[in-house]
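Okay, here we've got a single chain as structure tokens, the form predicted on its own, with questions on binding and movement later.
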Amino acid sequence: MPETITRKETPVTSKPATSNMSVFAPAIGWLIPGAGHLIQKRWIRGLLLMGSVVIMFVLGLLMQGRVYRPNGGDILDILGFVGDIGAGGLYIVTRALDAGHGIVAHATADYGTKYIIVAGLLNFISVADAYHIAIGKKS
């Protein structure tokens, strides 16, 4: 009678390989709005996102909107800062040029402040989308 050799099979757990694109696309997409899609050859989506974020941010500044600075004060100031920082490079350049000191004394300045915040929040969504494309979860 031939002997049968049985091997004990150990389950192989493999971690999904993290590609460089899954790290690089969101990072560059945060710094330059829409660029996370452009480097993945999603031209139309990248240009639409870039145009939307940049136009909203610039319109907000032109309406004398306020750019929030980091502080530990009022919760609404903290949330405004989180929204603003989402614009990435636009926020950095605005702070470097010392712009966005608008005093919200009239309605257009208030709308401008909201435009700046929404531009940053839209860029956060864009970064998440670029990441999902990079990992293959979305086509």
Partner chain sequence: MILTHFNAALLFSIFASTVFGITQREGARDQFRYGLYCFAMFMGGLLVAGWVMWALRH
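Numbering follows the first chain given and starts at 1. Quantities reported herein were computed from a predicted structural model and do not represent experimental measurements.
As for the form predicted in complex with its partner chain, it is not shown, yet the points below apply to it.
Distance criterion of 4.5 Å from any heavy atom to its partner chain in the predicted complex singles out 48 from the list 93, 27, 82, 48. Taking the partner from elsewhere, residue 111 is found to have a heavy atom lying within 4.5 Å of its partner chain in the predicted complex. Though the partner is left out of this view, residue 125 does reach within 4.5 Å of its partner chain in the predicted complex, counting heavy atoms only. Within this chain, residue 67 is remote from the site of its partner chain in the predicted complex, having no heavy atom within 4.5 Å. A residue is said to contact a partner when one of its heavy atoms sits within 4.5 Å of a partner heavy atom; residue 115 meets this definition for its partner chain in the predicted complex. The stretch that touches its partner chain in the predicted complex, counting heavy atoms within 4.5 Å, is 57-65, out of 71-79, 84-92, 27-35, 57-65.
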